[in-house]
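What follows is one chain in C-alpha cells, specifically the form predicted alone.
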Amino acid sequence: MNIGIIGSGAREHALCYKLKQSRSVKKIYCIPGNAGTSEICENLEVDLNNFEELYKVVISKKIDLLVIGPEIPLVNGITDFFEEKKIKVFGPSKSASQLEGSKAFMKKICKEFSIPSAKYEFVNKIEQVEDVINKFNLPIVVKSDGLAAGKGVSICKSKKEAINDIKSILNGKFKTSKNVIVEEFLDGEEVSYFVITDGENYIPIGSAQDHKRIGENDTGLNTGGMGAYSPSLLITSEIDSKIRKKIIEPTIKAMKQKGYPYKGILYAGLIINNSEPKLIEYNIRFGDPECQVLMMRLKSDLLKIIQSTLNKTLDKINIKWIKEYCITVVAASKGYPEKFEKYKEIKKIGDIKQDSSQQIFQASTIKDKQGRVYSNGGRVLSATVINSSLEDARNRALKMLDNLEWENKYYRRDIGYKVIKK
C-alpha cells in the first residue's frame, strides 16, 4: 500500500516513522516533508492548497491512502475533495473540522450538549467589547475564533490588555477570522487527551502534557509547543471515565446528530481541577509535539488502526502501548515565536544514534545538494526519548540537542518539571 502523509512538521516525521514499521506499507510519500522525512520516505513538493495539483500527484504515484497531519487542509476541505475522487483519506470532513476551525462552533456544541467548558461570550463588534469584558473576572482569556497557528489565545491580566487584544482581532490580526471568543480563566492543570473515532465507535489513543510557553517554568509567550511527555500522570481511571462520559462521548454523539459525523483523530485540550475535567478546545488532528511521544510509545500497527476507522471495524481493535515514559524536547530557532534567523546549518545531526528508544524528529529543516541540514523556521527539531525514568529520558533528550552544532538553537531544559520534581 502506498501512503501519502500531508505536512512538513515533526508530527509528520513521527507519523512517517511509525507507518514505515507496518508490513502493509509499500512506500510512503511525505508532501511536502522536510530533511528528516527525506531519509525514510520520498518527499514531494506540492502546494497543499491546490487540491487539483495534489490529486494529479496522488494518481501518478498511485497513492492509496492520504493521512492528513495539519489542520489547515482539513478545515479547507481536503477530505471531502479526495473522498469525492474515491481516494481514502484519514481525517475529518470540512463540516466536522469546524470543531477546531471555529471556536464559536465548538462552544455552541458544548452549550447545546452540556459538555463542561469555560463560560464565554462571542464578540464580533467593537461596540460590544466594554460590556463583555465587564462580565468577567481577571485574568480574562481572549481567543480568535479561527485558526491562528497556536498564537490566537492570550491570557490577559488587565481589562485594558483584554480590550486591546479583542480589538486587534476584530481589526484583522488573523486572516482566518475577525470574530472573538472571550472566556473565563480556568484554574487547574492542562492535559492533552486523544481518541480515534469512525464516527460512532472510538478508542482513546494516548494522553500527554504539553508545554506551550517559550520560557522555563512556563513563562513568556505562547508557542506551538516546546515539549511534551506521555502518558499524562494527571489522568486517573476516575478522571479518564469522566473525560469519556462527559466530554468525548457527547461530542461524537453531537456531531453525528448535527449531520457532521466525526472521523479521525479528536484531540481534546482539557483542564483538570479537583478531579473534574473541562474542555478548553478541540483539535482535529494529532498535536505537535504530542504526536512525537505518542508514536514512540505506540506498539500497535498504526496503519491497521487507521484502516479500522475507514472500514468501521474500530470496535474490534485493541491498541497496545509501551509502558515506559516518553518525553520530547523541542529545539527552536532563537527568537521564536517572534523574529528569528533561518538557514543556519545544523551540524552533527547525523552522528546521533536513532533507534526505538530515541529519535530526533525534524520539522523546519531543509537539505542542500551536499546533504547538509539547515534550519528553515521556528520550531526545528524534537528530541524524543523513551525511558522508565522521565528524568533520565529528559536528560538523554537534552544531551542529543546539546551535542548539535547549531549557532542559534534554543530549547527549554525543564520539560516535565512539575512531575519530575514530585
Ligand code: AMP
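Note that residue numbering begins at 1 and tracks the sequence as displayed. It should be emphasised that the depicted structure is a prediction, and the values quoted were computed from it without experimental measurement.
Keep in mind that the form predicted together with ligand AMP is missing from the display, and what follows is about it.
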Checklist entry - Which pick from Ile317, Ile272, Ile87, Leu186 sits with a heavy atom within 4.5 Å of ligand AMP in the model of the complex? => result Leu186
Checklist outcome for this item: Partner-free chain; cross-checking ligand AMP in the model of the complex, the single residue of Lys344, Arg297, Lys212, Lys258 with a heavy atom within 4.5 Å is Lys212
Next on the checklist: Residue-level contact is defined here as any heavy atom of the residue lying within 4.5 Å of ligand AMP in the model of the complex; does Lys263 satisfy this criterion?
Outcome noted: no
Checklist entry - Is there a heavy atom of Glu281 lying 4.5 Å or less from a heavy atom of ligand AMP in the model of the complex? => result yes
Next on the checklist: Even though the partner isn't displayed, in the model of the complex is Ile115 close enough to ligand AMP, meaning a heavy atom within 4.5 Å?
Outcome noted: no
Item to check | ligand AMP contact in the model of the complex: Ile126, any heavy atom under 4.5 Å | outcome: no
Checklist entry - Of 231 to 239, 79 to 87, 304 to 312, 138 to 146, which is the one stretch near ligand AMP in the model of the complex, taking non-hydrogen atoms within 4.5 angstroms as near? => result 138 to 146
Checklist entry - in the model of the complex, does each residue in the set Lys94, Asp198 and Ile248 place a non-hydrogen atom within 4.5 angstroms of ligand AMP? => result no
Checklist entry - Out of 151 to 175, which residues reach within 4.5 Å of ligand AMP in the model of the complex, heavy atoms considered? => result Val153, Ile155
